[in-house]
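The form predicted alone is given below as one chain in structure tokens.
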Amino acid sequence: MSFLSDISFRRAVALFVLTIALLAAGTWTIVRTTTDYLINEYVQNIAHHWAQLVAENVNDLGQIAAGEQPSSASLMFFRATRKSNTVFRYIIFNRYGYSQLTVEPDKIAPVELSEFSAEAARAIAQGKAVVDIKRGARSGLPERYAEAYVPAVVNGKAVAVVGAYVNQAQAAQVIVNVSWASAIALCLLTGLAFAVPAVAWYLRTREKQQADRRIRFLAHHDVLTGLANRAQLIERLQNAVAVLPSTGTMIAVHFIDLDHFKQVNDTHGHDAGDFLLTTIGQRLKAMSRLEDTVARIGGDEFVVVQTAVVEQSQAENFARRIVEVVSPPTYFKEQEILPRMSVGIALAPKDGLTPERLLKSADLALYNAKVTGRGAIRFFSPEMDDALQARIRLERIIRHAIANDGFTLHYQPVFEMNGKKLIGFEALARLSGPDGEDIPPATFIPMAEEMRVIDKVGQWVLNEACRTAKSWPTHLTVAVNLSPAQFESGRIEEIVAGALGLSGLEPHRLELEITESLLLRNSEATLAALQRMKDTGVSIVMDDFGTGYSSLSYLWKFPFDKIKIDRSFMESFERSGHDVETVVKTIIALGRQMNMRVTVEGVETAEQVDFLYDAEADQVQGFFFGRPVSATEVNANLLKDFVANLPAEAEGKANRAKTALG
């Protein structure tokens, strides 16, 4: 297209030059014709004027024409007129056209040999002046002059012809100069009149061509990285799939997604994120072959189409090479950024024969790579399609539940270890499928987070839990888990305050449980928000304590009201024995030293209860003391006689513990 544009431009320039040349030639012709016409008219008028002047002032023209000597008055007139620079000669002709007297600049005398003048004879015959314009043919004559032959009429009869030779060189030059100046000005004005629109047209055309090229580029390329976009990727895939039968090879579609790219934007800024994407695009382009296609199809997602693949191991090696090339750190404003990625691979023709199907298969493989821990390479398998359909069904169920209040809350009791006293409940979200079977929270909660609707679910849970707890005895509390995603909107404080305000629940009766993963994200802002909520009277609880990487560091950064030992410790109690006991006792002692209550989750056996009495745990929660039940069951049964219905063995353990404690 650029070559064709250059040809069009050259043609336009040639046409413009030709137009100017034709304009100049036409102008020259017009000026030449017009100049000759003006000079002719001017010369005729001047020559006729001088001849007429002689005819009117020389009274003896008839006698002179008959061959007599001019009178003294005529001689004086001739002498006066020959001093003029305009007329350089007079000749008096008789009425037959023969010369009789010559008036030259240096002499006045009768002609020695009379010469016939056809112009003079014609002037007599026509009875009017005859003017002939000539150019000097020999030295001594002006460059341009005129011969005017004017009949001298006396008493209505032509008696002679006055021939006046008028020098028009200077006047003609003036006319020529003026005419050419006017012509040049006209050409310049005309050229300018053409040039201004022509230049404007040229600039507009070039601008349009550049815009067209930019539009064509953007139609097939990613703006940020300059790589192929989805449209060009689809086109290239279609072409590659079309020739597969003739090649006998395969196509590998590598779907690449950066792991934790959002953290790069949050930590270093969006400029750093753009820089990272551009760098990765350059690295992918550099390590690919010319026949391969590298595309960015949105966000932090890239696709590399590898052609001429003979076997699956070739595609796997290529994917590992991608990870190897892209993973080295990059530096933005002296800040190190470590790219990490997951790769999903689909092979044509076995995983699809259309671009859409291949991309979908590669995307499913990528999703599987992320689910299994990120930083992995996965090939598509048909089972992934089944997982996708299950995922789609779950998404549909979640969206329907949000729109139609399809979630419910169950409440699991929490007891004081010393005294078997019920102190509150933990609110646990429940979701039923179309078949009536409960969907595990470990399944639908991560999905809601991934769908970015957890804030809506969390807000409903808070409102419902506070509304239900308001009907309980005032000494009972309700604990609600908060997802890290709920803090991203920046509205968590407003949501908590709204739930308390709508329900009328006292703030000290609400416990908000968070996990360490929340504090790993922008911990300073998160801790500040938690502190403001704590200042209102709400209790802040560190949930799942002991399963993170640096939980201890947060215990002195924030004054939690309670820490909850993760259920995994009690699950390992029977297998690990003394080791688990040591860790649990240490955490309980640490909490007591820091004035934080300690709740142990997952208590399910009498042996665990016995150990926790000895370890002086503050609170316990688990199936041994009660399973999660609906709000209706809580109100109808548990609040009335919950303690009386404790297992006898648990009551005996409690009594023994009380005796041992003295």
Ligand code: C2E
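Don't overthink the numbering: it's just position in the shown sequence, from 1. All values derive from a computational prediction rather than experimental measurement.
Heads up, the form predicted together with the ligand isn't pictured, but that's what we're talking about next.
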property	result
Lys421, Arg592, Arg430, Arg122 - the one with a heavy atom within 4.5 Å of the ligand in the predicted complex	Arg430
Interface residue in the predicted complex among Lys128, His508, His268, Arg567, criterion: non-hydrogen atom within 4.5 angstroms of the ligand	Arg567
Location of the ligand contact in the predicted complex, chosen stretch of 245-253, 495-503, 379-387, 538-546 [non-hydrogen atom, 4.5 Å]	538-546
4.5 Å heavy atom contact with the ligand in the predicted complex for all of Val305, Ala348 and Gly352	no
Interface membership of Leu482, the ligand in the predicted complex, 4.5 Å heavy atom rule	yes
4.5 Å heavy atom contact, Glu601 and the ligand in the predicted complex	yes
Distance check, Asp292 to the ligand in the predicted complex, heavy atom within 4.5 Å	no
Partner proximity in the predicted complex: Ala528 to the ligand, non-hydrogen atom cutoff 4.5 Å	no
Those residues of 432-451 which, in the predicted complex, come within 4.5 Å of the ligand by heavy atom	Pro441, Ala442, Ile445
